[in-house]
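Consider the single chain below, provided in structure tokens and representing the form predicted alone.
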């Protein structure tokens, strides 16, 4: 086997949460192009099915769709059991589901705060924990890649999003904590921290806000989801067998200056 073969995901069975659109969808496609069989987990089952069907038809891999509310421990466990039943095993998870809220902290209600925390932090933990249980049961050295954000490292302006920033900082440190806890099992846990990426979510923001972002990004543009895929594939692949607890910031130099 040549060295570059270590980057291949051929035959690996990988779950992508929040995979019906945006970053999740594009990264799922890229991993399928690299040979992985893909399970799309999303609240929007029909959209997830459409993505899974497109992946299967385009890349000739096995793909399936599963409705999953990541804020429900029971839902996550059931969806993961269904995936393993269909695919036979689990090798990796791109733990990507998340939401954002632009709201002044003084106006954030308890319900607002809990909703963000439930999806972005609790949901990431539930998915990671259930995946780890299955890796350990099979004696498998699985890989988990969590989607954090540059917002876990810096405070974004001009928008106010304390709740989002706090959860993403939590994801980064949770990633490191789980990596240390699960190193004894050979389970690797890493995260990516994207900067401003052009997706359905960012496309719906105030144009004036997007212009402000552009003026602060050294690259002079927003990134695209496909520009994140290489980082996820590396962290998911056998090329990264000694990499765990890492947070890969992919932000066009935003946090550098």
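Positions refer to the first chain, counted from 1. None of these values were measured; they are calculated from a predicted model.
Another form exists, predicted in complex with a small molecule; not displayed. Remarks below refer to it.
**Q** Looking at heavy atoms inside 4.5 Å, which stretch does the small molecule contact in the model of the complex, given the options 180 to 188, 135 to 143, 164 to 172, 84 to 92?
**A** Heavy atoms within 4.5 Å of the small molecule in the model of the complex occur in 164 to 172.
**Q** Would you mind picking the one in 23, 235, 14, 9 that has a heavy atom within 4.5 Å of the small molecule in the model of the complex?
**A** In short, 23.
**Q** With the small molecule left out of view, which of 61, 217, 43, 229 would have a heavy atom within 4.5 Å of it in the model of the complex?
**A** Selected residue: 43.
**Q** Any chance all of 71, 98 and 202 sit within 4.5 Å of the small molecule in the model of the complex, going by non-hydrogen atoms?
**A** Yes: 71, 98 and 202 each sit within 4.5 Å of the small molecule in the model of the complex.
**Q** Can residue 77 be called a contact residue for the small molecule in the model of the complex at 4.5 Å between heavy atoms?
**A** Because no heavy atom of residue 77 falls inside 4.5 Å of the small molecule in the model of the complex, the answer is no.
**Q** Would you check, heavy atoms only and a 4.5 Å threshold, whether residue 117 touches the small molecule in the model of the complex?
**A** Judged by the heavy-atom cut-off of 4.5 Å, residue 117 is well away from the small molecule in the model of the complex.
**Q** So in the model of the complex, does any heavy atom of residue 30 sit within 4.5 Å of the small molecule?
**A** Answer no; every heavy atom of residue 30 is more than 4.5 Å from the small molecule in the model of the complex.
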